[in-house]
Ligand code: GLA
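First comes one chain, alone, set out as structure tokens in the form predicted on its own.
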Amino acid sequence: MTVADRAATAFGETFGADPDFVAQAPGRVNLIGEHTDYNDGFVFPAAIDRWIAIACRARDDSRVVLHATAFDETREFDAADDLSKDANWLDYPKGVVDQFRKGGHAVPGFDGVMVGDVPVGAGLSSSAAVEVATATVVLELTGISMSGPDVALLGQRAENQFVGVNCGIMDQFVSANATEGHALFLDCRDLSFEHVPVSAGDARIVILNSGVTRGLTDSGYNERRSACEKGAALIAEASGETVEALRDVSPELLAAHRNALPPDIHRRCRHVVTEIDRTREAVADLRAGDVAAFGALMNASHDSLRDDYEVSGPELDALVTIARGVDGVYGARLTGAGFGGCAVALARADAVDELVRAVAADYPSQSGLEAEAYVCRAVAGAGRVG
């Protein structure tokens, strides 16, 4: 049974009737380009076949009644009221409704049931999938026309301004705009993008969940973002160059003004500046069919995230080391913000079973935890499915 089917079934169990429709949005895995999005850089995520689905039925009032099966609870709010944060899972859909209202749109009430198989806290963007799925529901209910990029921006504003997480644009963008069988090469400065095939050949995407749950609002994410902003400002001051973000800083410019930066700020900036270059190069390698070169850059990305950005940890490092030791694995790295969550590996199809076996055999003794492995395919973005 698909996630959308499960949502429709759960709706009937919760509300005693069939939903009007089901909307869904996918989670994502970022193949390379980590912590570059909020620095106006490049990212290369793929939407994956893990979904948040919302089965929905319109109401004749302005109440939004939403049941989340993951928490086995129902919460509600009035879409016509001034909305405020409750510090629970409802803040994500509520924040989306709030953004529609701030855009001048009246949002009607609806009954909904939300079902998902995007692991929460694993760095696979369950929150962005909730936001984009909710936006899809509102668009269906109201008939408002909105482009995929605008849906992504609305979801990002909901998370930034309502939930209070200073996230970049990548997660919402790929959830709203992905194409089947492709990853999305996104320029986070101007939001231009290109779909690049990832399903050709024998390469497979394998996600390895460390079992370490993280929360962005409780982590060093905002601290890392602040360090990047400080670094860009210091380089601009020292060089006299126009530096709006670290996207504008070349490796040469960073090296020339290293002494203008405190050591920790320099390390953060060095990761971002080199990661932007790695992402450009990796996508060019994939276009050329050189999966081995792409994998080598994945490895370099993880090492930089571990040593310069300091967002890895012993569990993620263990997963990456185990994966790299399997013949047929092109590359492995942490994916997402770090501080726990998942690693991603690119492997030959005939190496996938051995990779899963190696992780199951070796990871528990190294970490005291069990890792889940998800063999994923790249899927299309959000939409109505029934």
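Don't overthink the numbering: it's just position in the shown sequence, from 1. All values reported here derive from a predicted model rather than from experimental measurement.
The discussion below concerns the form predicted together with this ligand, not included here.
**OP:** Would you mind picking out the stretch of 349-357, 333-341, 320-328, 59-67 that comes within 4.5 angstroms of this ligand in the predicted bound form, counting non-hydrogen atoms?
**Re:** Stretch with heavy atoms near the partner: 333-341.
Subject >> Joint contact, His35, Cys167 and Met170 to this ligand in the predicted bound form, by non-hydrogen atom at 4.5 Å >> reply: Yes, because His35, Cys167 and Met170 each have a heavy atom that approaches this ligand to within 4.5 Å in the predicted bound form.
Subject >> Any non-hydrogen atom of Phe100 within 4.5 angstroms of this ligand in the predicted bound form >> reply: Phe100: no, not in contact with this ligand in the predicted bound form.
Subject >> is_contact(Phe110, this ligand) in the predicted bound form, heavy atom dist at most 4.5 Å >> reply: Because no heavy atom of Phe110 falls inside 4.5 Å of this ligand in the predicted bound form, the answer is no.
Original post:
Does Tyr221 reach this ligand in the predicted bound form if we count a contact as any heavy atom within 4.5 Å?
Top reply: Output for Tyr221 is yes: heavy atoms within 4.5 Å of this ligand.
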